[in-house]
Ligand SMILES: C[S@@+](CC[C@H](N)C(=O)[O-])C[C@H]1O[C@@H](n2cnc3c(N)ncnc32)[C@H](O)[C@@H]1O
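Before any questions on how it binds or moves, here is one chain, the form predicted on its own, in structure tokens.
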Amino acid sequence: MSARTAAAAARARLEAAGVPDAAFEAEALTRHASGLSRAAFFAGAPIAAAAAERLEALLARRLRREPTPYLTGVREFHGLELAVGRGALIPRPETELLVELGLAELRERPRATVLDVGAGCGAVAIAVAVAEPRARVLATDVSADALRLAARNAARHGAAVSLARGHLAAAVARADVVLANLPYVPARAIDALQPEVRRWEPRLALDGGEDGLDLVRALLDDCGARLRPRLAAFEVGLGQAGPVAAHAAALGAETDVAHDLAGWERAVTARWR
């Protein structure tokens, strides 16, 4: 049996279970199980019996709605392949906007200190450090599991990132640029998220309190009172950009809103002079 035939059967099962993007998922799982390149997959390469067994085991987990990146152990972010696991949120493409905002600031001051708050598997910090190795890049998280993943990823890509465990920016004395993808889902909304998110990803990385903005406001307060960065950029959810920008402005910051590729208000920036 060819790998493409196996993927077609997997796709049908995933579609029947209501798994989104079933065709893409089936190909990804089949190629992961078989070790085939995309070219070999589309050329009709056969799938070995052992690989077919691995695919069946992966499908059983995926049909329980375990996210594919947790099955394959990797996720691409800003052109980098990162190790992921259940101890940290899976990096999303829209979070690459934080990297771009940080790099834009570094074009004028490439040796600035950049702080990634709520680093998770280290995606933002590592992407910045790889793209601008002259910057001093720090990353913090409250989760020891997340920081272990971040350390693996930093070593894998040769990224000079200093990691510290602690609440928000408490472990850091100063930063020129603060980038933060903090939990921003309102607590009451978590149970309505897709099963891949609510069942498998760490609630610690999702729950932002009653309106989703508890940690965002706390870090903004610290920026306004102590850190005073040239730039702080916060990823936000639907309808949150206005309240976050208003809070930053009340702390004396110049604010702006950045949109993602889909046109959504995805990040709020705040600047102190």
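All of these numbers come straight from a predicted model, not from anything done at the bench. All residue numbers refer to positions in the sequence shown, first residue = 1.
Omitted from view is the form predicted in complex with this ligand, to which the following refers.
Only one of 142, 74, 151, 104 comes within 4.5 Å of this ligand in the model of the complex through a heavy atom, and that residue is 142. Only one of 156, 134, 167, 86 lies close to this ligand in the model of the complex, with a heavy atom inside 4.5 Å, and it is 167.
Although the partner is absent here, residue 95 sits close enough that one of its heavy atoms falls within 4.5 Å of this ligand in the model of the complex.
A residue is said to contact a partner when one of its heavy atoms sits within 4.5 Å of a partner heavy atom; residue 205 meets this definition for this ligand in the model of the complex. Within 4.5 Å of any heavy atom of this ligand in the model of the complex lies no heavy atom of residue 127. Proximity of residue 115 to this ligand in the model of the complex: non-hydrogen atoms within 4.5 Å are absent; the residue sits far from the partner. Within 4.5 angstroms of this ligand in the model of the complex, the stretch 178-196 places a non-hydrogen atom from each of 181, 182, 183, taken in sequence order.
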